[in-house]
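Presented as structure tokens, the chain that follows is alone, the form predicted alone.
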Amino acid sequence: MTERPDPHEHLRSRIAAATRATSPAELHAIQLVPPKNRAHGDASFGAFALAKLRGLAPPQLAAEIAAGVAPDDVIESVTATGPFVNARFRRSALARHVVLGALRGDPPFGPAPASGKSIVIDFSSPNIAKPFHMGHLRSTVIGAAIGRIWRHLGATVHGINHLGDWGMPFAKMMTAWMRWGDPQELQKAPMRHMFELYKLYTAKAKDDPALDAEAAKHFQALESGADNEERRMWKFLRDESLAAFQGPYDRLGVAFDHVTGESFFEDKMEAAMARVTAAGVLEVDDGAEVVKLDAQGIKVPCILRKSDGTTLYHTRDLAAAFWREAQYRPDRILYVVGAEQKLHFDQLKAVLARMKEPLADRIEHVPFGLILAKNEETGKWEKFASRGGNAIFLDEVLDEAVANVRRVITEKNPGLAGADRVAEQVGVSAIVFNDLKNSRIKDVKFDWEQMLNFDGETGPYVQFAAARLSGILRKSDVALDAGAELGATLDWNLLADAEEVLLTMLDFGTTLERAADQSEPSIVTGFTIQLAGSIHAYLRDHHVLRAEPAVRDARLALVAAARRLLHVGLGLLGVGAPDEM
């Protein structure tokens, strides 16, 4: 047996040996989960899938496994309850594995070695020439968290900011500038000025159809590839936008591996169209080139080229999918885009399926709900917007969050060193944590009082738990980055009273696997809340610094390990963890 066996892996191997499971399908069927009722054990195995492969009744197989897995240095007991096998681990083995693993940063508590998997994530993707607003927040923080989780699990991740820098929306912006633009206002605040121009265009286009016709001509000029006014304006606004976007990205702690945008595929669309044509699925309908998807249950055809020869989102997304397939050999391509775009991605997958492209099975839409704000007049939760119905700029919201936290610091801890830095960290993180707290498909309620609460299931609550642990370590003179040496001579039996903390930490690996598989960062957010709650409860009932030396040292090791794992979990979400609050 290894020096510090992973209880979960050890139990899996014992179940595999007891059932003589050797095939990939059988081994994959041995999946462990925490029991719904912890009184039943520390890990549970539902025998359904393996029993089906064996042609057995699940309760029969569960009973055979329980009889075939005897207690050892890691496993204290194994029992069968109907179709479930429940195991309890020896507390000394559990503590040794979890605490040393977290302190050393061994997987899954630290990054896993390269897995060979390639994951492409298309996220954030704001439109150029428009300020970064609250509507971009969810895609940005969800996509970034999914990317960090996959990297932690050893995958090669290609995080892509697929900028909206092509097509008719940009052509409308150009038209607005050519008609009403003010060079002085543009120089003072390029993004805000262009945003105001775009609003003006939208308002006037309702009564003036000639505006859209004019915009269409500008787009044709842009797609011509010539060095013209449209091309020069496109480059200027793209450069200005990228510089402006970097501010919010830096504050959110978000980075990209590739910033390509729709324009990157300008010279790749003809090859994509030729590939669709060769597959025999492209038709001409009223002058437009389309793929009909009735057989896939989609009544709306996918238009790939309009009658005037210009391309659409689908054309560029198809070209992008083919290019990403060739460049990155992805196992999965995740599009973190709002739920309202479901039809778009259904069409994209259906076109690839009609073409008999294996890529169709690797493309996944990762949808999410809206951000809601409470209407003070009606009391109802509505789509987040200003009183005038305009977009809310993200930098203004972040500034308000930071200011709110700064006021709390002034009131509760006026002598805090680096107060401005902590306010930035806690304020921004509160918004990110609030976004990632619930299942991504649900709408997010933007409630200042709730998200900045230090006592609820919030970012500040989890951050405070980590800061509390840092404070204990400082008072003990144990280095905050204490590693494996902290647990070198401990009596692990002394942590038997910390089983709730230890079992929560043990589930970190399965937590990450589920979060990655489901593209669901809220699973990790829930883990950090649970760990913060369990360590708070433990410290309420157990003294650390005032305990007798052997017990004190064991508890200090637990504190250091829990602190480190909170930092890891928060870091995967993009949430900072200040050492003092």
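Just so it is clear, the model here is predicted, and its values are computed rather than measured. Here, rigid core means the biggest group of C-alpha atoms that superpose within 1.5 Å across both forms. For every residue, the number given is its place in the sequence shown, counted from 1.
What comes next is about the form predicted in complex with the RNA, which does not appear here.
* **Candidate from 488, 210, 441, 479 lying within 4.5 Å of the RNA in the predicted complex - any heavy atom** => Looking at the other structure, the residue within range turns out to be 441.
* To do: Could you spot which one of 408, 242, 200, 281 gets a heavy atom to within 4.5 Å of the RNA in the predicted complex?
  => Contact with the RNA in the predicted complex is made by 408 alone.
* To do: May I ask you to state whether residue 190 is within 4.5 Å of the RNA in the predicted complex, using heavy atom distances?
  => Result no; residue 190 lies far from the RNA in the predicted complex.
* Asked: Can any non-hydrogen atom of residue 224 be found within 4.5 angstroms of the RNA in the predicted complex?
  -> Residue 224 lies outside the contact set for the RNA.
* Are any of the heavy atoms in residue 456 no more than 4.5 Å from a heavy atom of the RNA in the predicted complex? -> So residue 456 counts as contacting the RNA.
* **residue 467, heavy atom within 4.5 angstroms of the RNA in the predicted complex** => Contact with the RNA, yes.
* Pick from 295 to 303, 181 to 189, 322 to 330, 497 to 505: which stretch has a heavy atom within 4.5 Å of the RNA in the predicted complex? -> So the stretch in question is 295 to 303.
* Asked: At 4.5 angstroms, heavy atoms only, are 67, 204 and 206 all close to the RNA in the predicted complex?
  -> Spot residues vs the RNA: no contact at all.
* For 28 to 42: residues with a non-hydrogen atom within 4.5 angstroms of the RNA in the predicted complex? -> In sequence order, 28, 31, 34, 35, 36, 37, 40 come within 4.5 Å of the partner.
* Rigid core fitted, is the C-alpha displacement of residue 552 between this form and the one not shown 2 Å or more? -> No, the C-alpha position differs by under 2 Å between this form and the one not shown.
* Asked: Taking the rigid core as the frame, does residue 29 move its C-alpha by 2 Å or more between this form and the one not shown?
  -> Shift at residue 29: 2 Å or more after core fit.
* Comparing between this form and the one not shown on the rigid core: C-alpha of residue 514 shifted by 2 Å or more? -> No: residue 514 shifts by under 2 Å between this form and the one not shown.
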